[in-house]
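This document starts with one chain, in the form predicted alone, laid out as structure tokens.
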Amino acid sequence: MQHFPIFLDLQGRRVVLAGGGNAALAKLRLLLKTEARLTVIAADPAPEIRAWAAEHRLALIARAMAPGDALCAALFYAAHEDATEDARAAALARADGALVNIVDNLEDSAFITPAIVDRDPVTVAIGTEGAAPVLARAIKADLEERLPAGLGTLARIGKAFRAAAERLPFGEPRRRFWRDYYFDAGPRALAKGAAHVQAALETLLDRSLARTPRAPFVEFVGAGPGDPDLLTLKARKALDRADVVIHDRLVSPAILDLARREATIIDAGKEGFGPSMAQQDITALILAHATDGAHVVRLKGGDPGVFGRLDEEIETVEDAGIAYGIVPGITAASAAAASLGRSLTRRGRNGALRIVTGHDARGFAEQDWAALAKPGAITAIYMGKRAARFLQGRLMMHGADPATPVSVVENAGRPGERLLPTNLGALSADLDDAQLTGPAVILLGLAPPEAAALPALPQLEEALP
């Protein structure tokens, strides 16, 4: 993000525009909606600019830009539609300490003016950093149709009522009240006339205060492999209503960004053979926030029911008498196979799929090695990087062919995804050479199609030291 979007308070502040033609008029029509003190500098201003000056809506200096003209200005616009004169005026304004925008010159501008949907005081700003102005205008047109004209009236009345609404408990009760107002009670009252809106707010507040306080609730939510586009709709809704999000280390920042800005975000990450938050501390966090009345989302990478210690956390919540829900997610094995372009099951090849862990709380995990070693068997091995030599030895001891294909997918479903095609006999050595640092799934018995395998090898080599 090169341009950081902000809303600048221009009430009573000076804004200067140099130019008097069509580009100047377009900017002034927008700036006249603000409460800024506008000054226009133009040797030959358009009739509309002279008329606005006569109405005292702006100050007009009918000459070319001179040093000192932009002193104390919060913003300066160069809108001459002449590159040489715009550059001269912009240099003078910079010397005066103003932030400068040159119309239709993104590279030399310190700020840009976005496309705006105006439902004062509700304002939507749309910017593409100059990459696609046509797209910005299309989005603006779509939002203009979607947002009712009366939205600004509802927002102004609602703003004056905020102090009264603070009688409601912070969190979901207060959010529910405002949702009911803006999307139900408010529009219905406004349809009868603005005078009815205040009474509708008071009635809605009385009804909300009379509701039984919300019981604690915990949602165990699967964040999927890391790609926000693979997050389920139900998981997105859970993040939108969460007061507290307690997440593990495999949850990507892009998914955490989907949580409400007001939500408390707590990192409860665990790392195999590395620094971890103790499980009892995690469950204590869940209980502390839930019993305090928060809507808690316990966010886990992949699916919470696959090596996510879900049962342990559910038992703790149940023992405390707290209600809970489970939102499943896409597990890493599914994402890895999809990235590979292969199916985890296939008629005539394997009628079963095993998902196992490379290590557990006691160390390297023992499995039914004879079953895993059978020809045609497909096994997804989680947390298996450090256990690779152990897995390799156990499987070959029980008759597995060293030539059994193996695909290792690191960061499945994420931008930094890497594929390591190998075989059981070379697995440990190839993993050592590859030095994978991200979470990886080992797909035993599954090779990438030839078309998928070929481009993966250069990609892996480029990432190696």
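Throughout, we count residues from 1 along the sequence that is shown. Computed from a predicted structure; not experimentally measured.
Another form, the form predicted in complex with ligand SAH, is not on view; read the next lines as being about it.
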property: Interface membership of Ala235, ligand SAH in the predicted complex, 4.5 Å heavy atom rule; result: no
property: Contact flag, Ala332 vs ligand SAH in the predicted complex, heavy atom cut 4.5 Å; result: yes
property: Gly301: touches ligand SAH in the predicted complex, heavy atom cutoff 4.5 angstroms; result: yes
property: 4.5 Å heavy atom contact, Ile41 to ligand SAH in the predicted complex; result: no
property: Options 192 to 200, 108 to 116, 388 to 396, 324 to 332; stretch whose heavy atom lies within 4.5 Å of ligand SAH in the predicted complex; result: 324 to 332
property: Residue among Trp178, Trp369, Phe161, Phe307 with a heavy atom within 4.5 Å of ligand SAH in the predicted complex; result: Phe307
property: The unique member of Ala87, Met383, Leu151, Val103 whose heavy atoms fall within 4.5 Å of ligand SAH in the predicted complex; result: Met383
property: Residues of stretch 230 to 256 in contact with ligand SAH in the predicted complex (4.5 Å, non-hydrogen atom); result: Leu250
